[in-house]
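Heads up, the chain below is alone and in the form predicted on its own; it's given as structure tokens.
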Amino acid sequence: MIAFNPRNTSLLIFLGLLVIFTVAVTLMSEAYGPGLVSTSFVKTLGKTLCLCLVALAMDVVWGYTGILSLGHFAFFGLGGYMIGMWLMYARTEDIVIASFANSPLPPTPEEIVTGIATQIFGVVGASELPPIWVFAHSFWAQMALVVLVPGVLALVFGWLAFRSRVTGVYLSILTQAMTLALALWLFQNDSGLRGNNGLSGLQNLPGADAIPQSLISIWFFWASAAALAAGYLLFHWVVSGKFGSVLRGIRDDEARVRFLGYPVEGFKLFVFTLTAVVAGLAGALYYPQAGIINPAEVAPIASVYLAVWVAIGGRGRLYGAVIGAAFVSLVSSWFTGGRAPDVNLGFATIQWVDWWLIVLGLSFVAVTILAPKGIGGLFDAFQGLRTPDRKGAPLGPDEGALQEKEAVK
């Protein structure tokens, strides 16, 4: 039921450009080249690729299936928390063991665990590992949780919501409520994840003290590029063929697809859960490069930004989601990093650190009103794609999606 078209031009172009980009950054990095691309910027590019991956997931669930989820960045953050627990535990374990090096007697396992707990949770006034850290010592167990925690949460939430046939703005509000509840729980010190302090020091890989950050950053950059390529292939496979046609049918006229006998709830639940798992994996790659994760990363506004990226890039196009996320992420880093010069208007000075979010909001409004196809719509003009003549019949309610191209297939 799910088909894959290896001759798809956009797929081959995207993968080719990604390979060229990855090789170029590697050859210009401090680790393997003359250092024209700094280590900090390599990390920025690696994080950007992770954001492109979660934007892909958002595009499949919104642009192709019509589910405006305002909670997918929560799954992204959960993936970061799961891998962050192992990173923080393993790194602290090395520090604790080193502190016992001069002791007359070797430490017992209980003393080591107590020392780890005190080091990690002393900031919130605790000295014991919470139950949710039971697998934190195991890399593979935490990697399994990177997949299972977002996946199970999405599966349970989606099953409850979709079986009740909640749709449209009501479903968006529910996803936002889920995200808000999760963020409020994480802000509590007794959540077991250090409350507002979050998990820090994630950039310090256990046992890699002798490896320079320039090398580690390029490794993560490679992993992020490989994950984005794999995600693009996976989602291209999902949205192709009959399966993809059903998803677009659900987006455009859910009642008609249900009338035709398709299990609409099953399709929506599959896509919602799959995209949540991919978002969790993207988060697991992102936060070791960021170095820290806290509950603010899971706040509802982050998921709203994700929807803005997809809308600006062009929803209903996988490459549009990547373009939107990469463009907004890099421009945001430039404006908020203090590299954009202030603009003196005489009566006032525009400081982009403060005004960037206003510019982003205005851009979203402008794209929604003036260019619902987003940046990706420029490729339609380049390819000469136009809306087919349907003799006055409506093409569908969702003008922002790539329906004109789909209609002529």
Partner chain sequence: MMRHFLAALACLMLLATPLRAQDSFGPVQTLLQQHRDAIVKSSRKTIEPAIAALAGSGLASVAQVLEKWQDKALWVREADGLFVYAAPQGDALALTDIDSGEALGSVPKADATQIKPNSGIRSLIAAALVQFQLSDPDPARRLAALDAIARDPSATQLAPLRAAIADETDPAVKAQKERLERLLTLRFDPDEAARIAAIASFRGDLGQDVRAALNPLVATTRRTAAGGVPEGENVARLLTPGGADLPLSEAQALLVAAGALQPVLTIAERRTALVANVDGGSVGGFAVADLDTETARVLAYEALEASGKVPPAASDAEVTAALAAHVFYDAYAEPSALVATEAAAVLRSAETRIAINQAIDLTLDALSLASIYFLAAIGLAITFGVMRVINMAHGEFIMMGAYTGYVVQQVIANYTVSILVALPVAFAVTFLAGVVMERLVIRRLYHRPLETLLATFGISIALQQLAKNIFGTQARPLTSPAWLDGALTFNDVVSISYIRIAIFVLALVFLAVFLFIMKRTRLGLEVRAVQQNRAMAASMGINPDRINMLTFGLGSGIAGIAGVAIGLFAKVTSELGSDYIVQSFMTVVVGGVGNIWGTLLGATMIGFLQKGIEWLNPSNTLAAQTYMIIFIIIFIQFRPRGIIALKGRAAGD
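Numbering follows the first chain given and starts at 1. This one's a predicted model, so the numbers in the text were calculated from it and none came from an experiment.
Below, we turn to the form predicted in complex with its partner chain, even though it does not appear here.
Judged against its partner chain in the model of the complex with a 4.5 angstroms heavy atom cut-off, the residues Lys43, Val152 and Phe220 are out of contact without exception. For the residues Val123, Ala230, Leu184, Ala98, the 4.5 Å heavy atom test against its partner chain in the model of the complex is passed only by Leu184.
This chain appears without its partner; in the model of the complex, the one residue of Ile323, Leu285, Ala299, Met178 with a heavy atom within 4.5 Å of its partner chain is Met178. Per the 4.5 Å heavy atom criterion, its partner chain in the model of the complex is contacted by stretch 109-117, the sole one of 83-91, 206-214, 285-293, 109-117. Looking at Thr26, you'd find every heavy atom of it more than 4.5 angstroms from its partner chain in the model of the complex. When its partner chain is considered in the model of the complex, Asp190 lines it closely, a heavy atom lying within 4.5 Å. Contact check for Asp354: a heavy atom falls within 4.5 Å of its partner chain in the model of the complex. Although the partner is absent here, Gly33 sits far enough away that none of its heavy atoms falls within 4.5 Å of its partner chain in the model of the complex.
With contact defined as any non-hydrogen atom lying within 4.5 angstroms of its partner chain in the model of the complex, the contacting residues in 136-170 are Phe157, Leu160, Ala161, Arg163, Ser164, Val166, Gly168, Val169, Tyr170, given in sequence order.
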